[in-house]
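This document opens with one chain alone, in structure tokens, the form predicted on its own.
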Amino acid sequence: MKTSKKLGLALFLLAVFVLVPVMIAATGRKDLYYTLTSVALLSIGSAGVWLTFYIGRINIGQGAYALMGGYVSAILMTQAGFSFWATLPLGGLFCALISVGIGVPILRLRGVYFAMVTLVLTEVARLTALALPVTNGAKGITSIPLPGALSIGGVTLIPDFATMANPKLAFYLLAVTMMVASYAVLWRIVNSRLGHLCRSLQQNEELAASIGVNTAYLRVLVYAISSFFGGISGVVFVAISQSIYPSSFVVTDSVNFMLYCFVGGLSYVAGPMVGTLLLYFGWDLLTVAKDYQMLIYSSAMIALMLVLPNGVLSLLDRIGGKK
């Protein structure tokens, strides 16, 4: 990693883990914890969508996996007595397994079929949550306990959230830590042999298959990793909201996960994170426009994509002299 990138990463970590909490404490704007926590969670889900774009596939169903991950966590905590920390990987793994079952038959076909299936997937997940007794239908699952203490070898690494004076800060740090870990994994995938193979699929699937790349296997693997990201974002959402309903994640959320990737930049690992930050805060800032909020928001996105078709982060290349 170049020195400039190392410096940028160090400054980013310093900002999210130290400067932001210090500034919020100084200004007393504790409501920003919830906003920034939401941004971190949404960026985790959009990171998975970005990964499917990386193999040249359009994923419009990430909201379904966030919903499934959230329900798995809620059911395990309220009905089976699992701790939040145990449900965190289990929710992601459940979503990964479901995605394999969907991906094996569909991802062998051309991309348009996969896009069509993912388009209806979120609504299918919502209707399933409405129908199943274990999900409690439209009433959802409420009164979900806060994350308990995390101990390893008798040493408490994370105290019980219920005993904390400021759980909002704890949730912010949890979400940001998960976000940093997710993007670290994403960066490692992109810069590994797996990432190079994924890039070959994006450029020419037929050529990749002709040189021995198992394209079907690779697509399913990437989709499973993508869905895992969606699942863990839903698990953390449940811990924060302490409830989940069939409407917690809808088709609009799945579309937004995709838009975050476009706005940030499909050519950049950090693109979904930047896109999420800009669009989430942009929507909040436009609340003053009232009835014209959606019109201004949509127009701004269209203009942004026309001016910066490669995303906001492409400005860095322009500044650096790249075309």
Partner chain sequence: MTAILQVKGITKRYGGLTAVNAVSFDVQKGEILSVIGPNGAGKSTLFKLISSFVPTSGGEVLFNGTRISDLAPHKVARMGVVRTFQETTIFKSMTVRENIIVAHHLRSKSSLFGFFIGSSQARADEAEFGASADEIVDFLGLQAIRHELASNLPQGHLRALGMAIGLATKPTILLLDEPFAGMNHDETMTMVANVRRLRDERGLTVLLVEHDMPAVMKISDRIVVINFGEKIAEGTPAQIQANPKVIEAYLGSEDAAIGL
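Positions refer to the first chain, counted from 1. Everything numeric in this text was worked out from a predicted model, so none of it was measured.
Missing here is the form predicted in complex with its partner chain; even so, the following discussion is about that form.
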- prompt: Considering its partner chain in the predicted bound form, which of 97, 162, 134, 207 comes within 4.5 Å of it through any heavy atom?
  reply: 207
message: Under a 4.5 angstroms heavy atom criterion, identify the one residue in 169, 178, 158, 194 near its partner chain in the predicted bound form.
response: 194
Its partner chain in the predicted bound form: contacting segment from 183-191, 145-153, 238-246, 89-97, heavy atom within 4.5 Å: 183-191
- request: Using a 4.5 Å heavy atom cut-off, state whether residue 214 contacts its partner chain in the predicted bound form.
  value: yes
task: Could you confirm whether residue 200 comes within 4.5 Å of its partner chain in the predicted bound form, counting heavy atoms only?
output: yes
- prompt: Going by a heavy atom distance of 4.5 Å, is residue 221 a contact of its partner chain in the predicted bound form?
  reply: yes
statement: Across 22-50, the residues having a non-hydrogen atom within 4.5 Å of its partner chain in the predicted bound form turn out to be none
